[in-house]
Each structure stands twice: as C-alpha cells, then as structure tokens.
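First, one chain by itself in structure tokens, the form predicted alone.
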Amino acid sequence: MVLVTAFLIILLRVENQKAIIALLALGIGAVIAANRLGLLKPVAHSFSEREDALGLLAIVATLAVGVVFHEDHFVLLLVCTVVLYTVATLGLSIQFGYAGVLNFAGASFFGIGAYTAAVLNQHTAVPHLLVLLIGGLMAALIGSLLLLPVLRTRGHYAAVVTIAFALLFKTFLEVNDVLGGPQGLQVRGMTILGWSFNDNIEIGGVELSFYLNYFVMSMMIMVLAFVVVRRLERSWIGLNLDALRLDETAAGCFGLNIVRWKITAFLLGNFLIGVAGTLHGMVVGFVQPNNYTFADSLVLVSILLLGGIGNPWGVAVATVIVVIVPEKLQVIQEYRFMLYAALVMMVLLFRPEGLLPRPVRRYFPGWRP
C-alpha cells in the first residue's frame, strides 16, 4: 500500500508528459512482473483475510495524498472527482453486480443530484447536508419512473430503456430554460454551520486549498457508501440479489419476490449515484447538460467492467485509472472516450471478470469455499 501511494503521489506531482508515460509503463510492468512471479496472490490473500485493515490503510493513503497536495487546487479537485465517481459506481455495482439490473443512465442520475443542488442552494435555505440526501432521494424518485418498463423487460431490452432515458434527460435539460438550458446553472458551494467550503483554510499562517473541505466530505460519503455496500452484500438481502442475478426464473420458483428486490437494487443504487452527483455539483460549482450525457454514463459502466463487476475494491482501483490517467496524459485527453472503449473491449476479451474479480461469497465467518 505504501508503494502504491508513493507511485500515485509521484504520478500526480509529475507534469512532464514523457515522465508520465515512463511512470505508467513502469507501473504496468511492475504489476505484470509481480503477477508472473506469483507475488500478487499472497498480497491479495492477506488483504482478503484482513479487509478491515485494508480499508483503514486505503483511507490513510488517500488522506496522505490530501496532505501532500494541500495547496494544489487541481489535484484535490481531481481526487474529489475520483472519490465521488467511486461512490456513483458503487451504486451501479448494486444494480449491475448484485441484482443484475442494467442501468446505462448513471450519468443522468448523477446529473439529477447536481441539478438538485443547484436549484435548492440557489432558491432555498435548506441545510446543505440535507441537500445531499434530497439529491439522492430525487435521483431515486425520478428513477422510479423507469421501474415499470425495467420490470417488464429483461437483459438488453431493459438496457435500451435506460439508454432512452439518458438521451431524453439531456434533451430535457437543454430545452428547459428554468434549469438554465444549454448554458446550465451555477451551484453555490456547501456551507455547514457557517463554515463556507469555498473559502481557503488558514491554520497557523499556512493557507490550505478550499478543496480540502470537499475532499474530507467526499471521503466521509465514500466510507459510508462502502460500508453500506459491503454490509448489503454480506446480508440476506445480498444473498437474495445474487440469486436474482444468477437465475431469475429459479429464484422466483423458490419464492423470492423478484419485483421487490429489483426495485430495492434500482432505487438504492440511484440514491447513491444521486448523493455523489449532488456533492460533485457543489465541488465544481457549475452544471450543464453536456456534463451528463450518455457517453458519460458509458464511462461509469467502463469503470465497473474494468474494476470487476460486484467488487467494490475493483471499482475504486478502476476509477483511479479511468479518471486520473486521461487527465495526466494531455495527449490522449481528446481521445479519452476512445480509450474507455478500448479498455472495455480489452477487458471483455482478455479478462471478462475485470481487474479484481468479485470473490466467492462467504456465508459464515471463517467459512472457506
């Protein structure tokens, strides 16, 4: 974990394009070599046995990145984006990975949260912590409009329903002048008990970036979301969702309520995506329709496929790769959607289970398959 954190800090610090390419090549080569030498398996086994310790180390590592770049607005904004995209893909993981409900409108629900923040912060005095919850609830509520067609269809047909929603959502935003039309809306920054998150922090004469406020808030939300998703997976609810994903007909024959669990997964996933979108809207301070297109939904799906469907740790790793690499490599930034498409094709061809496949479910503490 120390080596990974050091590598990430160096990658974020370096600006020279050749040095970045060399670093990425070094990182890929080191992972391949470690895999060939069998060094990754003991590490993976150790982490699977002590997942709580892994979580604690991951939090410490992320905080270390925040401390190192405490004055750098751009890097902190990038890290906040990674953290909030991770929360959003955790929501997709509940839908795709556990219940098998396809959702290709992730960016739309992300945008619903962001637009909720823009409207409520601008026109009401609702406490901004409450705005986060309302953003999530709005995403779940509007997502419930898709329940009927999603429940009446399966597989690719359900995916088409969500694709149609993503296209309609962007068009709705563009023609709606109340929501700013194509120009979008400004979003007021978060304020909690008089503490403005958009003001730089000064401690002992040292001025810190105001993005540290959002960084800490994003981390708190990600930890909560991670705990919820892991608890959900290990519970009897997660067991029902797994049964639903593996064989819907057999699950129904054994008495599982298919409709109830599909609704649960779809709404809970959209709620997490909405909460992440709400805070992201406050972080960037501006929302517009072009930020929440169908292509952006595919980015979220590519993160899920790259990381490993159903594995929260894989989602976190894939988000770091998909968000940070195009930002650091300016030469490929214009072609980032081609990069995402290529990543998805390579993963589907050579590693369909993703970089970190979901491990076999444990039914009892200490039980081994």
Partner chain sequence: MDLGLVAQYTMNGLMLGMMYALVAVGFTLFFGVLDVIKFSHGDVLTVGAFTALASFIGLQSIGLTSDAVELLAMLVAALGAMALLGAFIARAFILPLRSAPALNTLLITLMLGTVLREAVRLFYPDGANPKPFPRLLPADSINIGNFNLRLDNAILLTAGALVIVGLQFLLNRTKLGLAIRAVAQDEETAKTMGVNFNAIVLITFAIGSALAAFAGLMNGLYYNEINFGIGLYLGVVGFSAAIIGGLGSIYGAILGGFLFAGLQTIGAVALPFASAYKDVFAFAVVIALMAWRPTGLIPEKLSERV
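Only a predicted model underlies this, so the values are computations on that prediction, with no experimental measurement involved. Positions refer to the first chain, counted from 1.
Although it is not shown, the form predicted together with the partner chain is what the next lines describe.
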Counting only non-hydrogen atoms, choose the one of 134 to 142, 180 to 188, 217 to 225, 295 to 303 that falls within 4.5 Å of the partner chain in the predicted bound form.
295 to 303
Using a 4.5 Å cut on heavy atoms, which of V160, L77, L256, L267 is close to the partner chain in the predicted bound form?
V160
Given that the partner chain is left out here, which of R231, R260, R154, H123 has a heavy atom within 4.5 Å of it in the predicted bound form?
R154
Is A341 close enough to the partner chain in the predicted bound form to count, meaning some heavy atom within 4.5 Å?
yes
Applying a 4.5 Å heavy atom distance criterion, does I309 contact the partner chain in the predicted bound form?
yes
Although the partner chain is absent from this view, report whether P149 comes within 4.5 Å of it in the predicted bound form, heavy atoms only.
yes
Exercise: M345 in contact with the partner chain in the predicted bound form, heavy atom 4.5 Å
yes
Members of 102 to 117 lying within 4.5 angstroms of the partner chain, judged by heavy atom, in the predicted bound form
L102, F104
